[in-house]
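Starting off, we have a lone chain in the form predicted on its own, written out as structure tokens.
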Amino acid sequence: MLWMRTLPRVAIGYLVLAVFAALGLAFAAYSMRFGVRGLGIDLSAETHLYTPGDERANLAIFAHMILGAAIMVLAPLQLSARLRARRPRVHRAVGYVIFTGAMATALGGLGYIALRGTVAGGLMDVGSTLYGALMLVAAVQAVRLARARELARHREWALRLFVLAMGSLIYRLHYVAWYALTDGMWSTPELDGPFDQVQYFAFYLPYLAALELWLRRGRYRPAGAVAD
């Protein structure tokens, strides 16, 4: 029967989703705790991200971590069609919280890059700056189009923002998978190896490209066509 053939795929899908959610929550909790500690105590012995005596850089990077963790947890809620339909006010309220958090996260990251730069410099600065700029654009567009009642376009930009919000987690998952498969080939502690350099862009651009292809497929499907 058809349901018996599709059940394993559905079960696998839910399992993957559950694992991804668990990893996301664990990473968000770690990031938020680390960010709170960085705002309260000297972490220069633990991380290069802490700059003794530079309160602006510390505020920028550790607020970036706290708010980034918050939007990572909240962003999946906005994908729920049931929440949008049954609790539109909650959907809007969470949306504005995500917008505020995304703007602050992006500006915090960009501010830190302007003040101190990234650990690998040069190309990593470019990749991180582009990532922050895209998050700003996606957040602004998602809210602007929602307020203009252009809901189809609003959802597209909300999906782009969702992909970007997951970027920090995806970045780390890439490293976990790569080190498990290759024992860290082409990666260095200074994050300037060939794999590291690909990573400057690979944690968000390929996923945005895949999303664009998916959106275009739906947007330009011929009238009367049946979805796969």
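Computed from a prediction, not measured in an experiment: that's the story for all the values here. Note that residue numbering follows the sequence shown and begins at 1.
Form predicted in complex with a small molecule: not shown, discussed below.
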*Of the residues Leu145, Val137, Val94, Ile113, which one places a heavy atom within 4.5 Å of the small molecule in the predicted complex?*
Ile113
*Taking the small molecule in the predicted complex as the reference, which of Trp178, Phe27, Phe201, Tyr50 has a non-hydrogen atom within 4.5 Å?*
Phe27
*Where does the small molecule sit in the predicted complex: which of 178 to 186, 58 to 66, 193 to 201, 36 to 44, heavy atoms within 4.5 Å?*
58 to 66
*Triplet Met72, Gly109 and Ser168 all within 4.5 Å of the small molecule in the predicted complex via a heavy atom*: yes
_How about Gln141 - does it come within 4.5 Å of the small molecule in the predicted complex, if we only consider non-hydrogen atoms?_
no
*Within a 4.5 Å heavy atom cut-off, is His174 in contact with the small molecule in the predicted complex?*
no
*asked:* Check Met124 for me: does it contact the small molecule in the predicted complex (non-hydrogen atoms, 4.5 angstroms)?
replied: yes
*Wondering, does Val119 line up within 4.5 Å of the small molecule in the predicted complex on heavy atoms?*
yes
